[in-house]
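There is one chain below, alone, in structure tokens, taken in the form predicted alone.
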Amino acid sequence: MSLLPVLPVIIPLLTAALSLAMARHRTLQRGLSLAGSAGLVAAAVTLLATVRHEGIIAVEIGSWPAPFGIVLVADMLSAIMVLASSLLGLSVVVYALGNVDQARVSFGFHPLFHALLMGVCGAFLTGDLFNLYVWFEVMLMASFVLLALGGEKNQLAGAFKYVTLNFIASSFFLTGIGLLYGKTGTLNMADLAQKTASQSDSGLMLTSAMLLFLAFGIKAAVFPLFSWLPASYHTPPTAVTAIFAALLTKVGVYALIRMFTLVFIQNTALTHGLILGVSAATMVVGVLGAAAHFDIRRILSFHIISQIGYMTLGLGFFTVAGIAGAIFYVVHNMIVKTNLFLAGGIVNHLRGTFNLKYLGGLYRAYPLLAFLFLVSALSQAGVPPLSGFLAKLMVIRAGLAVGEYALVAVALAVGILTLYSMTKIWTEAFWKEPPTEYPSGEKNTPAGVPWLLLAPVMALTALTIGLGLFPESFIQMTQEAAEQLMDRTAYIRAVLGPVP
């Protein structure tokens, strides 16, 4: 029995525990945090290679077999998501060494960070709905404390909004899985897929689907359930915001993809039609919110919402091409969005503000930073040959293949508006002349950019360029993942044994 699916949960758990034990030894704690993140990357690489070579891996925890016991399942989708999360976790840990102040470190930043990674990896790998709920709550607790860490007024206000709406999501989640259990007698995902395959159109199943759509929709920040995100993401330190942007909404998208390809496929005209409509509204509202703001973090926060719409759009098409495009888009956006927040944090380090009114002239003073930000900004807007262009192209081609021309037009229009707001940031912060007034009354001019801040941005920029120039292997992996999702037999067989 392969224990590889257990490692992405055990490694961050041990790292969190050891980091907490070493709270009085700051240097050792930082080294443990960095080593744990690197170990998670190594485990994730091995897991993806093994799943791709040997097929889906299922591990029964304890002596209870599926569908009664706890099962961890690694297929192509979950393995890809774990690897992407681990890479971004390592990048943000390096950045945090130069960004997070000692007060927050002393109050548990590193243990909380790895507890969050544990929750994320557990959510990607769990094979049953109740444990997905448990991992969501682990994520919620860790992210809430990280959000409030520091105790500033705006942080506490943002954390309150964040946790309140997520508690509502948890209520929807529990109600939905309760109805599912009452209907089927199981919460194991593979067993659910098998038992619901013969149910053509059950009202109870539809009700459960809508409740879980609301729960996961809040987590993913789709329209109109996104208000917690722009109200909270601009308040914590950059390292915290960056890891939130990379992971939290993407776990919601993952849960939507998993459940609406594996379990809720009885009435796709209604369920996936709803997903398509919500996706279009999410893209439009998010990009308009970004266009209306003049603060880097708020603009990027609204763009998280807008870009989620492209991911769920691929799911709504409910084809192999659409799902593959959605997976590619998720990974691309995790990389680019994290990098944009990290680069924005460097801008704040250099000038003491995120407000574009008080920025300017950074292109001449820091040309490397200007280039790094521009690459990620253009990638998010979908400019070739960067990863964002391929991600949008895959989703748009999937839409054209099923005749959803209106939705394709919306996606293209949103791409143009995305380019506008990204250009606005670059023009105001980097290209225009330096301002004559500053929010603190004096210009903040540090000697340069610390390498702990710059190195992760350079690495993620290289990854964005590489994913755009050499996408063949990753596109093949997303195709394999989509085929596994659309043909549920392999997943069911890996968890429950031969399908009768």
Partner chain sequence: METVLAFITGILFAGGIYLLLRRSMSKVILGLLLVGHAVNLLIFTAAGLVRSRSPLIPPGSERLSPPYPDPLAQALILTAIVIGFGILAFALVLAYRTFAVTGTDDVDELQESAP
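Fair warning: this is a prediction, and the values are worked out from it, not measured in the lab. Numbering follows the first chain given and starts at 1.
One more form of this protein, predicted in complex with the partner chain, exists but is not displayed; see below.
Of the candidate stretches 133-141, 90-98, 325-333, 243-251, only 133-141 contains residues with a heavy atom within 4.5 Å of the partner chain in the predicted complex. T164 is the sole member of T423, T268, T164, S106 with a non-hydrogen atom within 4.5 Å of the partner chain in the predicted complex.
For the options V284, V383, L179, A370, the one in contact with the partner chain in the predicted complex, meaning a heavy atom within 4.5 Å, is L179. Taking the partner from elsewhere, I299 is found to have every heavy atom lying beyond 4.5 Å of the partner chain in the predicted complex. At a distance threshold of 4.5 angstroms between non-hydrogen atoms, A159 is in contact with the partner chain in the predicted complex. Contact annotation for K195: none of its heavy atoms lies within 4.5 Å of the partner chain in the predicted complex. Although the partner is absent here, L174 lies within 4.5 Å of the partner chain in the predicted complex, judged by heavy atoms. Contact annotation for the candidate site: V145, K153 and L187 all lie close to the partner chain in the predicted complex (heavy atom within 4.5 Å).
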